[in-house]
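Just the one chain here, the form predicted alone, laid out as C-alpha cells.
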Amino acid sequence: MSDKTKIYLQPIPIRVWHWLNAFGIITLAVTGVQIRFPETLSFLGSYQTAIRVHNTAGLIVSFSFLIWFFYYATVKSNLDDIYIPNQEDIKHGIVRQLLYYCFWYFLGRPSPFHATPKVKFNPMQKAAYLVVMFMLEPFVIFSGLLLMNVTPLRVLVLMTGGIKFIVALHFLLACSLVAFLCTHVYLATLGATPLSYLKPMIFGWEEVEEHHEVAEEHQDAPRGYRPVRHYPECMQHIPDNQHS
C-alpha cells in the first residue's frame, strides 16, 4: 500500500543552469566533432561557422557554470553538503547504490535512496558529480578559454604546456564529459517511470511513493538493501484525484 507525495526538489536557478548546460554541452560536442574532423563531417556548414558556434556555446556553458556555483556556494551555502560524499556514503552508500543499479532495479525493488532538497544526490551521484563539476568541467572551460584567446594569453598557453598539449587535453576532457552525459541520461531513465527523474528538472517537483508496509514488504530483501527513505517534512501529499 502506498500514497503519492510531492517534493520541491529543483528551484528555478538550478533548472535554468541545468538546461543551459545540457544544450551547451550537446552543441559543443556536435561542433567539436566537426572541428576535429573537418574533412569528414560538416553538420553546420563551413569550418569557420562551426568554430563560431562552438565558441558561443562554450561561453554559454561557462556562464551557466557560474550560475550553478554562485547559487550553491553563496545563496544556499550548501555546495559541500550536496556534492561531497560523507563517511556513510563512502563506507556503504556507493556499494549499495551500485547494487541497486546493477541488480535490485531489475528485480523491481525501489531505490535505496530518495532525494530531498538538502540531500539531492545518492552516493554514486555525489562521487561522479564531485569529479565532473569540480575537476572535469572547470578544466574543459579553462582549456577552451585558452584556445579561444591564444594570442592575448600566449604566456599562459606556454606555461600550461603549449597549444598542442592544450588541444589534446581539451579533446580528451571533452570526450570524458560526453561519456558522462550518456551515462547520466541512461541513469535518469531508471526512476518509477522513464520520465519521473526528468519532471523535477522541468517543473521543480518530484513525485514519490510513500510505502506504508515497507518493513514487511522488504523483510526478505538482500543483505545491505534499504528501502526508500522518507522525509515527511519535505513532502506535499497529492489528493487521489490528482494522481497521474
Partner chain sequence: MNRHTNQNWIALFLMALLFLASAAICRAEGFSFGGTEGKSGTCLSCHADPAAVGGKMLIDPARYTRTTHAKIGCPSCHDSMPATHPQGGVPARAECAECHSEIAQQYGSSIHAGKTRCAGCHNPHKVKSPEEISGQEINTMCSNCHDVFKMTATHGQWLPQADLHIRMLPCITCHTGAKSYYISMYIVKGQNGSRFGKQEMASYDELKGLAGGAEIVTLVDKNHDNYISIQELRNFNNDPAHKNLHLQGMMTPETVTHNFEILDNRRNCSFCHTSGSTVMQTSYLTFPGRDGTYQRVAVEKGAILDALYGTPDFYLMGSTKNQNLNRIGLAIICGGLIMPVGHGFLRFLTRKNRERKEHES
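What you see is a predicted model, and the numbers here were worked out from it, not measured in a lab. Residue numbers count along the first chain shown, from 1.
Beyond the structure shown, there is the form predicted in complex with its partner chain, which is absent from this document and is the topic of what follows.
*Asks:* Taking Y8, L44 and P117 as a possible spot, do all three reach its partner chain in the predicted complex with a heavy atom inside 4.5 Å?
*Replies:* Checking in the predicted complex: none of Y8, L44 and P117 is within 4.5 Å of its partner chain.
*Asks:* Though its partner chain is not shown, can you say which of V95, I82, V167, L130 has a heavy atom within 4.5 Å of it in the predicted complex?
*Replies:* Contact with its partner chain in the predicted complex is made by V167 alone.
*Asks:* Within 4.5 Å, heavy atoms only, which of Y71, F171, F121, F139 is in contact with its partner chain in the predicted complex?
*Replies:* Answer to the contact question: F171.
*Asks:* Using the partner position in the predicted complex, report whether R154 sits within 4.5 Å of its partner chain, counting heavy atoms only.
*Replies:* Flag for R154 set to yes.
*Asks:* Given that its partner chain is not shown alongside this chain, does V75 nevertheless sit within 4.5 Å of it in the predicted complex, heavy atom to heavy atom?
*Replies:* Answer no; every heavy atom of V75 is more than 4.5 Å from its partner chain in the predicted complex.
*Asks:* Flag S62 as yes or no: does it have a non-hydrogen atom within 4.5 angstroms of any non-hydrogen atom of its partner chain in the predicted complex?
*Replies:* Outside the cut-off, so no.
*Asks:* Please run the contact check for K199 against its partner chain in the predicted complex: heavy atoms, 4.5 angstroms, yes or no?
*Replies:* K199 lies outside the contact set for its partner chain.
*Asks:* Which residues within 83-105 place at least one heavy atom within 4.5 Å of its partner chain in the predicted complex?
*Replies:* Read in sequence order, the residues that approach its partner chain (within 4.5 Å, in the predicted complex) are Y101, Y105.
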